[in-house]
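Here we start with a single chain on its own, the form predicted on its own, put down as structure tokens.
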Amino acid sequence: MLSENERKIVDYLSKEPSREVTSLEISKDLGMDHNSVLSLLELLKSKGIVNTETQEIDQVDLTEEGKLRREKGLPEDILINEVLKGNQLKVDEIKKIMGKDFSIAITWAKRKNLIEIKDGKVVPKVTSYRSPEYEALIDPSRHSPEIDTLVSRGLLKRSRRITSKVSLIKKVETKDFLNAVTHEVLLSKEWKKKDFRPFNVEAFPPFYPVAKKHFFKLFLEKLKDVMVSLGFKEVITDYVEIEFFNFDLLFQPQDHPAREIHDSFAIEGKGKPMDQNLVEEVKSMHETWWKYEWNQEISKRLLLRSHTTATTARTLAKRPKAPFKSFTIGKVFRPDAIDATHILEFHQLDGLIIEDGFTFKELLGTLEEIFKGIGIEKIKFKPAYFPFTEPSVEAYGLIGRLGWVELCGAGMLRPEILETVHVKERAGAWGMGIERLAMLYTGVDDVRKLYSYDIEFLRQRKVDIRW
């Protein structure tokens, strides 16, 4: 039995059975998608009804830019016919009128010898003009010598298309089946004159996958929800950072091993000038306490931020007023050998609290609240060292059969830093790697799977995050 669309094609071919037609003609005359026609022809061929001969043809199609130019005209034509109109105009005036099309219009108008530029003015050599390639733009299917020019201008694109020559080799009696019983069909009693199209009620329905978020994205959003529910405000900064915020403001001396090029991704160039008063404060902090000559040029160097504490540094540089609570979740970048537990770019969560009389004990209590918010009930702390906090701790959480797992580093911001940014109150800060936590919660055994775009892997993965 033929489907409705197969029957349409057979009826079309039966009108002139001796004529060889192409799949493009069938597509155009029947108003069907060409790819659908090709598929239907293959089905008819497998049933021995038609013979097909596949061939590839060259074609040119309009790009999005080409569609725009076909509608509005080429920039050099607009310049001559609508802007200059036979008059001289200053370059700056034309630039204001034509906006982003200015450079294209001037370049092509000069190349076609339509204008010349004298004393800052554009002088037209013609009073009206229509580009010969515009005709080819209207109908790119014609073999015009201007096609190559339009392709080079990005207004047309070449491609090869598969098409088929088709001939009917077997006559088939097509029958008009009734596909659906409608109100009109019942009223007209049309159903009595036709056969009903048979349906296979045992066939499986088509599979339509339900859209869902990437499980790692879902994890990050849940983490943000926990922070916001505890009264923290999210702060977002760029991936590209200057060393001043990544290191200097955080009291890391300029000869610190972490600042070596093999520990961070350096980027060519220098950052923009910073708040000079803050620069002088940082210079004084380093030279007073680390006893060396601080170099501002080093602090201007660009890098991909190696930790989100750079965002905390930028927040402090704005001299926030107490009480203040912020957090950031974002990517950081460090050179490393990629394997199941290491990647070059990963996420961190950094937090900052500034409060009058804020204590180290309250900082530990805040961290316990955060971890309980993500389902970790048992927390313990161990003394540690970080350049920008004193005292400092590492936090560990008891997670199922994995036992005690390191969660974050934290501490009270050093007074040298707070004095530099003129914050008089006490402040606590912490930084947490997120990928490891996500692996524990999502049951992923390879960190690279957190970034998988394998649609089958993602489609089959159950959205199940324990909180």
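Nothing here was measured: the structure is a model prediction, and the numbers come from that model. Residue numbers run from 1 along the displayed sequence.
Below: the form predicted together with a small molecule, not depicted.
Between the small molecule and the residues 438, 410, 26, 41, the one pair within 4.5 Å by heavy atoms in the model of the complex involves 410. Taking 251, 386, 371, 244 one by one, only a single residue has any non-hydrogen atom within 4.5 Å of the small molecule in the model of the complex, and it is 386. Checking 54-62, 28-36, 41-49, 402-410 against the small molecule in the model of the complex, the stretch whose residues place heavy atoms within 4.5 Å of it is 402-410. Taking the partner from elsewhere, residue 348 is found to have a heavy atom lying within 4.5 Å of the small molecule in the model of the complex. The shortest heavy atom separation between residue 311 and the small molecule in the model of the complex exceeds 4.5 Å. Looking at residue 431, you'd find a heavy atom of it within 4.5 angstroms of the small molecule in the model of the complex. Contact between residue 334 and the small molecule in the model of the complex is found at the 4.5 Å heavy atom cutoff.
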